[in-house]
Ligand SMILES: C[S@@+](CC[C@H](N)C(=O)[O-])C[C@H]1O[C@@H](n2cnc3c(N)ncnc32)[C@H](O)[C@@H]1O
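Coming up is one lone chain in structure tokens, specifically the form predicted on its own.
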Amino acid sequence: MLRQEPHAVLPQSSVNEQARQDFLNQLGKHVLNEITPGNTAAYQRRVLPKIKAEKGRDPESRHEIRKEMVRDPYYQMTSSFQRTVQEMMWNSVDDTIQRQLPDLIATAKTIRDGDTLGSLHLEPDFEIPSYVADNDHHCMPGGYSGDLVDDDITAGALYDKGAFIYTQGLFGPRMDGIGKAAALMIATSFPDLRPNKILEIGCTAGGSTTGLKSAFPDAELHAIDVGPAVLRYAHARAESMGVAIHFHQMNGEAMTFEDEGFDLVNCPASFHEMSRSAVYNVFKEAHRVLKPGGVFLLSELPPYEGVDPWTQFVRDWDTYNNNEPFWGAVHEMDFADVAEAAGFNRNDYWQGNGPGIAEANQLTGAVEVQNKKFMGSTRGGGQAWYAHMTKRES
């Protein structure tokens, strides 16, 4: 089994804690890969005939399917399994963190107060947007905004260690697969781009950010997020790895960076956790801070456009069952329209499959790349990651 690479603030599991986490990892795989696919039979044998009998036609939307599927006992059972295993996984990691929390906080503070390669900028009166503050995304206790004690790092540690289990190792030992995949996408699509200054919007624990930095070691890299605990953790994590990154507590909707300051702006899988208006605002801000000729790259799950209602329903599980209330609405958006409204040229917008995360991290022989997970997000599974790119006109 692939193990996460240790660093100064990664919580270390005891033998019993590791056994519990390994068990939940395998239990999750079993539920997701072997039990939830049975919903197809439930739909074809019971739900679809019922819809056809009542309406005299096939279902026209995922919403029609969901209205009937939520009444089906197999869907109810498997969704309960899936949600419960998710919560058990986070709890198993949180127990490990809380046992070591004072020491982890002290380590992060020592790193922060010493000689550092990068920097950390927190705002004492910062207002966390409600779409983050009021929701524990993907059932992570406290979400991204939790700040439990002085100098807390719990949210960052929970995301870093928990998401490694959640993604079943697909993001790599350093949890940097999305950043490496983004860098590979840039190298493939814009081979002449040599960014001197890079911004990442929505860095959480800094895994993607360190992946970007490894690909562009000479670039000045800034990363923003809204939660203080994730940023304290991300900074200590990067410093312990010897990676120079400047972390800022900042809202991507209203950044304080100067106009036209960055060659590359990257947003790794964050839009599905934002409100619709926030998505428009972040696009506008990305356009503002990009230099002419600069590139805006974002990764997300594929949009629903052109997808049949049943597949949409399957992908939409997270909206109703995984504390992802903006999931479905964001995947209905046409990002080409959003990009154009933000000032980008529509002709410069592109979307499609990018390099796979495991592929970019050279892990195709070490993890189950083509996992069989059925309901909801693939958690990074598959050969490719869905990418959106646009370029500010020169």
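On a predicted model such as this, the values are computed, not experimentally measured, just so you know. Note that residue numbering follows the sequence shown and begins at 1.
Not pictured, yet referred to below: the form predicted in complex with the ligand.
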Contact segment among 85 to 93, 224 to 232, 101 to 109, 117 to 125, judged by heavy atoms lying within 4.5 Å of the ligand in the predicted complex: 224 to 232
Three-residue site 131, 270 and 273 fully in contact with the ligand in the predicted complex at 4.5 Å by heavy atom: yes
Proximity to the ligand in the predicted complex, single hit among 183, 198, 157, 203 (heavy atom within 4.5 Å): 203
In the predicted complex, the one of 322, 167, 251, 78 near the ligand [non-hydrogen atom within 4.5 angstroms]: 251
Partner contact for residue 178 in the predicted complex: the ligand, 4.5 angstroms, heavy atom: yes
Close approach of residue 283 to the ligand in the predicted complex, 4.5 Å, heavy atom: no
Non-hydrogen atom contact residue 144 with the ligand in the predicted complex at 4.5 angstroms: yes
